[in-house]
Structure formats: C-alpha cells, structure tokens
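Taking the form predicted alone, here's one chain by itself in structure tokens.
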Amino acid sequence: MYDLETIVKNGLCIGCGLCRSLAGSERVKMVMTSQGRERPLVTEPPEQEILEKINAVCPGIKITGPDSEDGIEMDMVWGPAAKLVIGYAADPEIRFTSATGGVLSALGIYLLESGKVDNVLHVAPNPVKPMRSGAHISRNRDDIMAGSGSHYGPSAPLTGVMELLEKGSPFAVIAKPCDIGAIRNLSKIDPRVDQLISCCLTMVCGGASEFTKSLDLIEKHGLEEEDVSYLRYRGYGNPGPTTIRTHDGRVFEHSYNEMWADEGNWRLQNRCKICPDSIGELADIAVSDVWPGGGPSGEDDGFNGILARTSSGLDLLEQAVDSGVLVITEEIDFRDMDNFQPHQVRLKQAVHDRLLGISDCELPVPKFRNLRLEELAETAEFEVRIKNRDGMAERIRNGKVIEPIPTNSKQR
C-alpha cells in the first residue's frame, strides 16, 4: 500500500482529486505546485481505512479495463464500441462555442433538461483565476456552457464526488479518461456509484499539460497571471484560436498548430506518458477529433467522432439523436479512428514497454489490467519498443519523473 506522498513522488499522480474527496479537505488539499501540477497536499495523514480506499481507487496506480458486453465489438486498439459515428451538436451555438463539434456539452445539457440527472460534474474555468480550471457542478444549460471549449492544464474534477454521492440524487460525470477510471475504481467499493452516476462521458485525451504551458504562453506577451481575464485554448470554431484576454482589454490569439504542432512542447505530466486508457474505454461515450492524419488542415464547422462504448451509452446516443440534440453524418469503423488519432495508437503500443522501463529503475509500477497493453506492445517494431523502454528509464535517471512532495511553501 502506498501513501499519497509516494504516489506523487514517483510521478504517478494525475491530480484527479478523488483522494481529497475521500479523505476530506481537513486532511488533504489540492494545490498547484511550483512545477505547474495539481497535487494532493497532506496536512494530516489519512486514517488507515481511508488510505486503503485511496489505494483502491487511485487511477495513478490502478486501472482495470472494461469487461466484455454482449453485442459490443472489442477492438485490439480501441476497446469496446457498440457504435462508431461522426456527428455534432444540432444547436449551432453549442457546436460553434464548444471544442470540436459540441457533443459533450450537448449531451450534458440533454441529460439535465430531460430530467435524467439533477447535476453534471465537470470542469470549468476558476472564476477568480480564469487561467485555471476546477470542479464545477452544472444544473442547467448556462452552467454547462460556462465550461465548454478547451482550457487544458491541470484540474481536479473529482474533489466533490463523495459529497454528490451523499446527496443521493442522480448525476453524470464529464471528465478525462483517467478521471473516469477513478470513478470505475470507486464503483467497486461504493455501490452508490452505480446507483447514482447515470453515465460517464469523456474525450479521447491528448494529455493534461502542466500549468507552466499556460504561464509560458502569456509570458511571451509580457503578461502575468493576474493580468489575464480569460484564456481559452479551443472553441469558437474548430479548432478555433487560442485566445488570451486581459483585464485592460488587450487580446492575443494563436492558431492551433502554433500551440500543438510540436508534440515535444505539449508539457504533459508524467502520468500521461504511461496512460493505459487515454481513449476512454471505461466511459459510456467517448468523443474525439476526426482530423485525417491526426491534425487540422484548417478550420471547419466542428465534427466529433463518437464511440458509444456501453449499452447504456448507445441508448443515450440514440435518444439524443431521436430528440434532435445530435446530428449524425456517417458511420465509421475502428480503422478510421486509427487514421484520425494515430498518436493514440502509438501511445497504446508504448505503455507496456514504458512500464518495463519504470520497473528497470525499481520504482513503483502501476497495475494496469485488461487493456491489452502487452499484446499491443508486440505489434510495435522492435526498435520502437526498445526506445520506449530505455527512454522511460532515461527520463527517470535524468530526474524527469520524480516529483517534489507538495508543501505549503511550494504553491502557486
């Protein structure tokens, strides 16, 4: 069993905030470290029983893939899907304002307005520090739209999960795949999860950047965080411009390719580099970009790849289409997804060997099960496999994995 400091120190934490929800804010706080990562700060060690629960649910140390379900196809790379389509939000405002085609925002609004849930848990910009994101509970369309678009950077969406479960009313979760993995872990020790969380929605995730990515961006314009009134990486088009606004009315914009063409400058957290499920296998519905070759060639009207992964996810998709909430343009298959998301295929092939590199350095190795990682590694070229294994070991030796433990004096 690991304490929180060990999980953080060894680069396994993604900052989901579930440990804080289980332990309570009097014992664990989520803080932004000087390295630009949201991490748990232990102010009072959790009791043994709580620490055992944290070890059971932490997605940094444990992810178990989905069980097979009758009638749902299982792909070696992409996992389960009852249906794969391209679509978008029927409401033009949602489609234009949101990241990509607005499917997640449209589904969140539909769940609330149809009475299927009372709340939707997701992330939205911090109203006081708008460059940062945090947990947000939505009860209507305006609440959902306040969190639409892409803001990237670290966030802790699960800090309030236990509080919502205690309220006893149905809710949905829209979050990163690793956060959904944490929810699925929690369901194994708390029956209220399956009773009250009606669905889990996610995006096919390119990784969570450190906050230093945003700070470096504004520094190029001579700005400090206190100067910024608004920061949005995507939306208002697809992909839309990265937009910075200041309190004194200045506006700065960058294209998507300016921000993300160089994968080496994504500033991803270490846990993202060994993510076993960045494609959202454990969600009910996962959505993605659908750019051939993996990147945009320009602006378009906004389209999502939609993977209904469970029977309940398929029911939700069909209901949303029948209700006029979503528009479907065409059916696709798993190999289309390979073309739209080639970097996801490469990551899925790489994780097993990167874990071996961690083991070679005698650091704690997370338990990722039922996700076909070893089989996928065998489909990669031998030289690539060696590069992934040795590359992770080199990162560890160069100090790029081990993190300092958060303290009250090392917060942003």
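Remember, it's a predicted structure, so these values are computed and weren't measured experimentally. For every residue, the number given is its place in the sequence shown, counted from 1.
We do not show the form predicted together with a small molecule, though everything after this point is about it.
- The shortest heavy atom separation between Gly207 and the small molecule in the predicted complex is within 4.5 Å.
- The closest heavy atom approach of Pro241 to the small molecule in the predicted complex falls outside 4.5 Å.
- Although the partner is absent here, Lys83 lies well away from the small molecule in the predicted complex, with no heavy atom inside 4.5 Å.
- Although the partner is absent here, Met162 lies well away from the small molecule in the predicted complex, with no heavy atom inside 4.5 Å.
- Each of Ser148, Met203 and His343 places at least one heavy atom within 4.5 Å of the small molecule in the predicted complex.
- Note that among 174-182, 244-252, 212-220, 311-319, the stretch whose heavy atoms approach the small molecule to within 4.5 Å in the predicted complex is 174-182.
- None of Cys199, Val123, Leu231, Val325 but one reaches within 4.5 angstroms of the small molecule in the predicted complex through a heavy atom, and that residue is Val123.
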